[in-house]
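As structure tokens, the next two blocks hold two forms of the same chain, structure 1 and structure 2.
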Structure 1
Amino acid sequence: MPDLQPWQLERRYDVVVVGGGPAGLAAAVGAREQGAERVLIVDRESEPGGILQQCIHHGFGLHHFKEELTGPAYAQRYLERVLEHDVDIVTDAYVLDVDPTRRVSLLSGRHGRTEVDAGAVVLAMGARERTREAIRIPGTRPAGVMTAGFAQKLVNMAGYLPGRRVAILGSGDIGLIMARRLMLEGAEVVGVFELMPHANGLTRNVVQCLHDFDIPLHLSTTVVRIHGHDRVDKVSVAPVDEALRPRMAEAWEVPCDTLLVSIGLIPDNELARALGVRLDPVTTGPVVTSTMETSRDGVFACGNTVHIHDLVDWVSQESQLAGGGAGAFASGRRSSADNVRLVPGRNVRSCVPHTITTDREHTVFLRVTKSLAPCSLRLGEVYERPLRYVVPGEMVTLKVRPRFLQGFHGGNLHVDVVPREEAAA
């Protein structure tokens, strides 16, 4: 990769993007396309691309590039687009703070501690993995307990195998994908333990990562204790009852030297919180408008820092929009204010963006609380669409066109997903 680092940072940029993952890259392109002249991306890693660089499996880009790419290939393709748009990228640089006047403080090896002023800011810091601490597994604190994503970085980038006999807690996609990776690298995966009665990850990952390698998936089972002095030597696991309480009498021990924890991602919202941006208590990311603007003027947000995505293609789409909003804002253009507030209704966990307009087309992303098939998606009393199925693990994407909202003049719009029979009644 060419040396992308600018030797000198400007004092002022039209748009500063915090984070150079797929969200930040797309936001920078969006900003340039909407009139921002000087755009800077800041990332703390040694190269842009974010989490994609460690996701060496296929499954990226089917919508955006119309072919199925690996994570690194998607990142590289996208980075080429960014460079064509003449954007400054500074890596190995940590953004410490964004203040309400949109002054961005950053710390980097090459530039030291620096401040740059931004006409608009895009927050694109991605997500963090939930850790063992988040679920409080009792036991000792030996080496060999880590998140699945960290193990992924060790194996795929540093070329380091974290263990020989590995147990995995949680059946999220990262855990499933790591199960296969470790098997192909010559380690043994002794089992995946999932608290819920169903796998969390995609079926295709259950089949291709577990069944293909004869790795047992223990549903309604959890890790109740970690054993070992310096290094993990075993874990105790137990089935759980309907209330998800472990049935300790039926616990058994699983010898292993490593425990990977794959229990989900949460938006990295530290900067947003410090800036006093309004957060959605469900997604834990910022509340955003139809142009992905937060409650702070000129501060936009996109990607996993807003809500956890399962497809990078939607991250790119949403982030290009956010960058476009930032570019327009920095150029002194504002779009009409939103007049519709989306309210998650029956079986709906979250909706992003939180508000939209009745005069333009919007893409709305929903998460449901449970699986339903077949079912119907409803927008208040004005629109209904049949869906073949919904599952909590897969985001529902809905293009809301102005004609869907004819006869609706603004205010709260409830979004419900209901079983088909009920919808027909």
Structure 2
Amino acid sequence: MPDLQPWQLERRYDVVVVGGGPAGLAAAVGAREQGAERVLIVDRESEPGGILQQCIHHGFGLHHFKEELTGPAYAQRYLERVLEHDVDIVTDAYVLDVDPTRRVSLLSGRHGRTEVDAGAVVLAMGARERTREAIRIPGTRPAGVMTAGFAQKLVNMAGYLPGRRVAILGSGDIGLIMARRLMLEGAEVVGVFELMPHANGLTRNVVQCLHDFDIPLHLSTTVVRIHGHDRVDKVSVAPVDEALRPRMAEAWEVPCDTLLVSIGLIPDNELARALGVRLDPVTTGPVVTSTMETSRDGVFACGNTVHIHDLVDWVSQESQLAGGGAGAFASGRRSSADNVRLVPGRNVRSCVPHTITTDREHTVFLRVTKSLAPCSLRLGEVYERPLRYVVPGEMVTLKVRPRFLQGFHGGNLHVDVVPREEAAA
């Protein structure tokens, strides 16, 4: 890979993008395409691409590039676009602070402690994995307990097999993919144990990674204790009741030398908190407008920093929108103010963006609270669309077109997902 570091950082950039993963790369392209002349990406890794670099399986790009790519191939496609747009990239660098005037303080080995002024800032830091400590699993602290993403990095980038007999707590997509990966590398995956009554990953990953390899999935079951001194030698698991409390009388022991934790991702929002932007209590990411602008003027956010996505294709689409908004803001152009607030209603956990307008097309991303089939998605009384099914582990996308909102003059618009027979009534 060519040296991406600029010899000298500018004192001022039209747009500074924090993060060089799929969100940051797409945001930089979007900013340049909307008139930003000088764009800088700051990334803490040694190479751009983020989590994609360790995702060597296929399945990326079907929506965005209309072909199936591996994670590194998808990242390379976007990096080439970034370089074609003459974007500055500084790697092995950390953003220490963004002040209310959008002055960005960063630290890197090549440039030292530096401050640059930005016309607009895009927060694209991604997310981090929840750990064992986040849910306080009792037991000892032996070797062999790690997040699924770290295990993926060990296997795919460092060439290390983390264990021979592996249990997996949680059914997030990374955990499902690692179940298959470890089986292909010769390890035995003794089971995936999921607290909820449904899988939290994509249905295709449940089928391709578990069912196709005869890996058991235990729903409404969790790990209640970790055993071992130097290394894990077994875990205790137990079914849970409707209140998600373990039924300890029915617990059993599962011998294993490794426990992978795949219990979800948390948006990386420290910079957003420091800036004082408004956060969504459900997603824990910033509240954003239809252009992905936060409650701070000129500060935009996108990707897993805002809410956790299923597909990198949706990250790219959303992030290009955020970068475009930042580029337009830095160029002195702003879209009309949003006049519709989307309110999560029945069986809807979250909606992003949080506000939209009645005069433009928008893509809205939804998460539901429980599975339904068949069902209908309703926007207040103005629009309804039938759906074959919804599950909490899969994002629902909806294109909201101006014609859907004809006659609606703004205000709160409740978003509901209801059983088909109820919608018909």
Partner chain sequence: MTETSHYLCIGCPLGCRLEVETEGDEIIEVRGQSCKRGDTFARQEHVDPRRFVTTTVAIEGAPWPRLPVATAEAIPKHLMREVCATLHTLRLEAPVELGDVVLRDAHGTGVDVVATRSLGRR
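Please read these numbers as outputs of a predicted model, since none were measured by experiment. By rigid core we mean the largest C-alpha set that fits within 1.5 Å across both forms. Residue numbering: sequential along structure 1, first residue numbered 1.
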{"property": "Answer for which single form is the form predicted on its own", "result": "2"}
{"property": "Residue 253 C-alpha moves between structures 1 and 2 by 2 Å or more, core aligned", "result": "yes"}
{"property": "Shift of residue 341 between structures 1 and 2 at or above 2 Å (CA, core fit)", "result": "no"}
{"property": "CA of residue 295, rigid core aligned, shift of 2 Å or more between structures 1 and 2", "result": "no"}
{"property": "Between structures 1 and 2, how far the Cα of residue 186 shifts once the core is aligned, in Å", "result": "2.7"}
